[in-house]
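Next up: just one chain, as structure tokens, the form predicted alone.
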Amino acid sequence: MNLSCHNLTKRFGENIVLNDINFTLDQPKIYGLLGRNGAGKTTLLRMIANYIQPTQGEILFDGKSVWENEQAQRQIFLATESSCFFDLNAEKIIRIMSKAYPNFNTEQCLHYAKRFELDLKKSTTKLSTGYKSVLRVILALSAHTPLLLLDEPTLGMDAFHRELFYKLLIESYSESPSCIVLSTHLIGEVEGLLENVIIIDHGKLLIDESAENLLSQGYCVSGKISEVDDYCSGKHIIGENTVGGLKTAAIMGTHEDAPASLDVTGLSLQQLFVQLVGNENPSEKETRL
């Protein structure tokens, strides 16, 4: 499976939502698609899934345009809040899915529904926001498409259901590796799952690299305020947090030996994300750290 976006631009009237996006998805991985509200994440996923056309550029699936490509449509599944189920119940939707996607596993989907305690006979119009998300993710995990797009998959779910979803996602990925793009605001919950990180900001591609490489570019130190301040002097600090007499500082740059009295830990993806997109003026940002 190979999906490539070339010079992808999308305008709605005078509003440029995406501007000259280029990247490739070509192997089984869990990608994190991150960005603030309005960055263009959902628009990008909808174009990949053949819901809307780009204004400029092209999206190729195994060398062919995804637009009006029935074969590609059967190999890509998008789970998003705007998915329309009309007034069908889960039983009917599962039957439709089993005919639309060649690798859809009905037995597995029913098993997932039981795990989440989803009422299969209840009309989707009467489901809560959380259970609509549950329905979307169990369909997505049962589709077994080479490319799976998950747009805010845990929207409205309680903590128990979110944890269950992450567990089933890892199980499904381990048993049947595929290319998964996970778009979410809950960075702290998913950063341990992500192998590659794509960050979009103000419609432009800011970052596309492995999570390991990205996080290796910084670290955190914790300890007494005065000792942390002394150690951090002259370093690139991207975040600080003080509680009582203790302080934690997030630092970008090569790790330098710290006094034994300070604790040194890795940088979190959320800390890095906030630093990258925290500037209101995108022209002042670096495309890489």
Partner chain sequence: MKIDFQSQTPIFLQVQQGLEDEILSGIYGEEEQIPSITELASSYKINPATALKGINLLVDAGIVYKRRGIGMFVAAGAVQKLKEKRQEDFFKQYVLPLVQEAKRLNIEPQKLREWIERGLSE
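Positions refer to the first chain, counted from 1. If you're wondering where the values come from, they're calculated on a predicted model, not measured in any experiment. Only the largest set of C-alpha atoms that superpose within 1.5 Å between the two forms is called the rigid core.
A second form of this protein, the form predicted together with its partner chain, is not displayed here; the remarks below concern that form.
Asks: Decide if the three candidate residues L25, F104 and V137 all line its partner chain in the predicted complex, where lining means a heavy atom within 4.5 Å.
Replies: Result no, not one residue of the spot touches its partner chain.
Asks: Heavy atoms, 4.5 Å, its partner chain in the predicted complex: which of 197-205, 211-219, 104-112, 150-158 makes the cut? Say which one.
Replies: Of the options, only 211-219 has residues within 4.5 Å of the partner.
Asks: With its partner chain left out of view, choose which of M252, I225, V264, L60 has a non-hydrogen atom within 4.5 angstroms of it in the predicted complex.
Replies: It is V264 that has a heavy atom within 4.5 Å of the partner.
Asks: Is S128 close enough to its partner chain in the predicted complex to count, meaning some heavy atom within 4.5 Å?
Replies: S128: no contact with its partner chain in the predicted complex.
Asks: Taking its partner chain as it sits in the predicted complex, is I48 near enough to touch it, meaning that at least one heavy atom pair lies within 4.5 angstroms?
Replies: Close contact is absent here: in the predicted complex, I48 is far from its partner chain, nothing within 4.5 Å, heavy atoms only.
Asks: E189 near its partner chain in the predicted complex, any heavy atom under 4.5 Å?
Replies: Heavy-atom contact with its partner chain at 4.5 Å: present for E189.
Asks: With a 4.5 Å heavy atom cut-off, would you call Y166 a contact of its partner chain in the predicted complex?
Replies: Yes.
Asks: Using a 4.5 Å cut-off on heavy atoms, what residues in 152-188 are near its partner chain in the predicted complex?
Replies: The stretch 152-188, when checked against its partner chain in the predicted complex, contributes E163, Y166, K167, I170, E171, Y173, S174 at the 4.5 Å heavy-atom cut-off.
Asks: Superposing on the rigid core, is the Cα displacement of T265 between this form and the one not shown 2 Å or more?
Replies: T265 C-alpha, core-superposed: shift of 2 Å or more.
Asks: By the 2 angstroms cut-off, has the C-alpha of S65 moved between this form and the one not shown once the rigid core is superposed?
Replies: False for S65: its C-alpha shift is below 2 Å.
Asks: Core-aligned, is the CA shift for N241 between this form and the one not shown 2 angstroms or more?
Replies: Shift at N241: 2 Å or more after core fit.
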